[in-house]
Each structure stands twice: as structure tokens, then as C-alpha cells.
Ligand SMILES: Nc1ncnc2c1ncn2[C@@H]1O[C@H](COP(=O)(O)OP(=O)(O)O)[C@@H](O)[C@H]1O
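We begin with a single chain expressed as C-alpha cells, specifically the form predicted on its own.
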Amino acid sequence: MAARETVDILSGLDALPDEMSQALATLKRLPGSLENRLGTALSEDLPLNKRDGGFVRLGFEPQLDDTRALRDESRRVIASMQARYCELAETKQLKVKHNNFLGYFVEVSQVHGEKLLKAPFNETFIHRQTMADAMRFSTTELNEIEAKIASAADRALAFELAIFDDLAGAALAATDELKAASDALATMDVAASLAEVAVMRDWVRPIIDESVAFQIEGGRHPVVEAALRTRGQAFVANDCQLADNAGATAQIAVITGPNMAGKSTYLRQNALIVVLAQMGAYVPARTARMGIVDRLFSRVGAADDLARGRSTFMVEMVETAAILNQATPRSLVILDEIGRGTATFDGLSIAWATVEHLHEANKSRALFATHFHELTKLSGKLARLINLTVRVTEWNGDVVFLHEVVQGAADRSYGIQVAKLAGLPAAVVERARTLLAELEAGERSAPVEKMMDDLPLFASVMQATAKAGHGAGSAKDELRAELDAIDPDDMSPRDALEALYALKKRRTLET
């Protein structure tokens, strides 16, 4: 029924996208015999389980209807029989009764009972029991009805299950047609749902090309925006300009700002815009243009894998390693707070080196959120890196989040203000303010300037590493060539073992 209604609705439209047109053509080819059969056989309200019965439509199978009547209307059936027996016995004193010993029986007074013992009444009524003031009889029909009533529920379900098996067989015979119809309806359902969301939430059609562009204007997080709308609040949209069509602008953005300001939301919303765009949907933005993203890498949140002996920081490093080893210039990478799970200088060093590697080796488009303000100094050394910050302001000693992402670097983290908002005791907040003032008096920026001047940038480290490993690299290439020449499918077990020993010997000699 849904398929037919969909065909009727869409057939009246002037033009449809190719994918929708193909789905519509598939539905039009769907044979109607199975649909008509199911519609005739099945009730409007269907049970969850077939064992509950009640799914066959009234009037589809006469025998089933009779069985259901015995099951559901036994009193009416017995009353009808009693009326016929009264007329046959020529008395209104006849009653059809039931007990656990005799089952269903006919009871009349002693006077009328004597008459039923004689012809022609004894051809119908069979004497069962004589009492002081009454006599009891049975009939062949009454015995049959009793048996039918007793098993009516079981027989009704058996009838329905047999009909179900027959219908299931017909459906299996039409498997290919049903699968095609299901795929077509799924295509239409996804397209219609995405179109509805796009209209209701003011999404736009993205432009996707072969460049490395990444230009989002007025981007929004679809889930956060929907949640805010339910509370009557507006989402603050933000731009994201990582690269233009020629890749001339920055490719990596280091984002600073306090917790709760919206850094993680900003990272995720741009990643979700990519996912939506490349799955064929409109996106929550004012405009969106992006070069094809081959892979989307994400390292956000805190999680552990203690069952495998991995701490939170270890999991963070494993995921970061996977990104640095696989990301390409066409990838989009979002990283949130890399290095925060270990000591300050360890974490800063790892975050610093990660940014350099993304810039010099991976050359990926990346959003890197961090509380290490020292990383903002890299914008002076790395050509394709920019600094972004989430705007906040202070009012009467409290921090006010504006949720606006702008170019620049945060002057501080506002961590103490956020801690105050979270409900830390006043004594703890004041003590933290005192300690922060003492630490800031130590001119923490001086060591960073020294790192910028003294430590080699990633490019020089790469050159040194490549130079040191040049000789070993050629040997590895020869080993790879030998391995490529081996075809395990054409080797006997002995040949394979000899080849393994030869490679092992070669490796030992080279080291």
C-alpha cells in the first residue's frame, strides 16, 4: 500500500533527480498480485507475534470464521441449539447445561424425559442420567459441538498459521521484487527526510569539487542547534576558512579559548558538515564549498581501554598515531586537546610536534583545539597555520561565553572562572587565583621563545632523519623487491620455508 501511494504521489511531479526517478520506476514495476493477496488476507490491526493469532481478516477463510465463532461466541451457539431442541422436544422446559463430569447435556423435567425416551424423540436424544425430578440427555450434535468448542482456540490458531505459511511462501517467491521495492523506498525515505530537515532548518546545498578548498560560512552544529531551538535559544554560527580553491590560505587552525566556550562544538560541526555534504545532503550553513575529503580523522574526548592495559593517555596517543600515519592532503583532521593527559611539558612537546607533522608531512586540512597557548607562536614559523580563538568577556568577575570564533589567540584560559561557575568552594577559587598570579609572574612565555629560537623545526628534523636513514632505505627497497617477486600460491611448503630462511639470512647479514 505504501509503495502504491508513493508512486501515485511522485508520478504527479514534473521532474525528479535521477536517483528518485530510478526508485520510482522500480516501484512501478512491482507486481500487484502479492499486494492484493496480502491486503485481502491480513487484518488492519496486526499483532506483534504470529503466535498471538488474529491477523487473518474476517471473511477470508470460511472455516476459520466458523472456528472463531465457536471460540468467541460459544454461548450464542449453545443458546441457538437450545432453542432448536425446545422446538424439537415440544417443550419450553428444556435446558442445555454443562458440568465437568458430563460436559454439555440436555436437561428436562421427569415428565418430559419419559416422552424423550420414546420414538421418534429417542432418535435425537440419548439418555444419560435419571434424577429425582429431572432427566438428562445428550445428542450426537451436542457431543460434536462440545469437542469443537473445546479445541476451537487451538484450531483457529492452526488455521491462521497455515494461512501465514502460505502467504510467507508467496512473499519468498517474490524476494527479488520485494528487495528492489525496499531499496527504492529506502532511497526515497532518506531523500525525503533530508529534504524535510533542509527546509525546516534552513540548510543549504554545498559545492563539492576537486580542489582542496574548505570554506564554510555561517556553519552550525545540527544537533546542538536543534537542542537550543527546543529551549527557544539561537545557535551562534561561525565561519571556517581552511583553504581556498588553490589551497593558498591556511590549512591548519590552532584554536584556543576556555572550556565551555565552544571549541569542541566548532570542531565537530565542521566535521559533521563534511559528512552531510559527502553523503549527498544539504548542510547547516549559510554557504559551503569544499574539496573532496578522502578521510575524516577525529581525536576528541577522553576514553580508556583498561581491559587491554591502555590508559586514557595511551588511547589518545594510539589514535593520534593512526591519524599521523594515515592522513593525506585531502583529509580533514580534528584534534581536541592533544597532550593534556600527561605532564605539562611532555604534553606540550607532543602537541607541538603533532602540529608540525600535520603541517610538513601530512599537509592535511586540520582543526587543532588546545589549551597550550604556547602553540599559537607557531603561526610565525609555519606558513599554512593560523590562530583562531573563541571570544569571551568578563562581567563582574564572571566569564561570559560569546561562542564566536575569530582570528587571534586567547590571552588566557579563564579556567578559574569556569571552575567558579562549576561550583567549586569560594576558598578554593580564591586560593587558585593567588597561585595563578604567582605563576604568571614567572614570565612563562620566556621558555617558549627559547624553544622557537633553539629547537629545530619539524622540516629540519625530517631532513636529518631522512639523511641518516638513506643507506638503510635502499636496502629495504631491495628486500621489498625480493618479497614482491615471491608468489606464495605457486610455492610448495619446502620452497616457502627455503625462501623465508634466505630472507632471514639476508636480513642478518645487513644488520
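It should be emphasised that the depicted structure is a prediction, and the values quoted were computed from it without experimental measurement. Don't overthink the numbering: it's just position in the shown sequence, from 1.
The form predicted in complex with the ligand is left out here; the points below concern that form.
Participant: Is the ligand in the predicted bound form close enough to C86, S109 and Q129 that every residue in that trio has a heavy atom within 4.5 angstroms of it?
Facilitator: No, the whole trio is out of contact, none within 4.5 Å by any heavy atom.
Participant: So which stretch, 100 to 108, 151 to 159, 261 to 269, 195 to 203, is the one near the ligand in the predicted bound form (non-hydrogen atoms, 4.5 Å)?
Facilitator: Residues of 261 to 269 come within 4.5 Å of the partner.
Participant: In the predicted bound form, is there a heavy atom of the ligand that lies within 4.5 Å of any heavy atom of A213, even though the partner is absent here?
Facilitator: Judged by the heavy-atom cut-off of 4.5 Å, A213 is well away from the ligand in the predicted bound form.
Participant: Test of understanding: in the predicted bound form, would Y414 fall inside 4.5 Å of the ligand by heavy atoms?
Facilitator: No - in the predicted bound form, heavy atoms of Y414 and the ligand never come within 4.5 Å of each other.
Participant: Can you work out whether F235 and the ligand are in contact in the predicted bound form, taking contact to mean some heavy atom pair no more than 4.5 Å apart?
Facilitator: It does: once the ligand is placed as it appears in the predicted bound form, F235 has a heavy atom within 4.5 Å of it.
Participant: Please check if H403 has a heavy atom lying within 4.5 Å of any heavy atom of the ligand in the predicted bound form.
Facilitator: Although the ligand is absent here, H403 would touch it in the predicted bound form, with heavy atoms inside 4.5 Å.
Participant: Please pick, from V399, V224, V96, I163, the one residue with any non-hydrogen atom lying within 4.5 angstroms of the ligand in the predicted bound form.
Facilitator: Checked against the cut-off, the match is V224.
Participant: Of A419, V318, L435, L228, which residue is found within 4.5 angstroms of the ligand in the predicted bound form when only non-hydrogen atoms are counted?
Facilitator: Going through each option in turn, the one that passes is L228.
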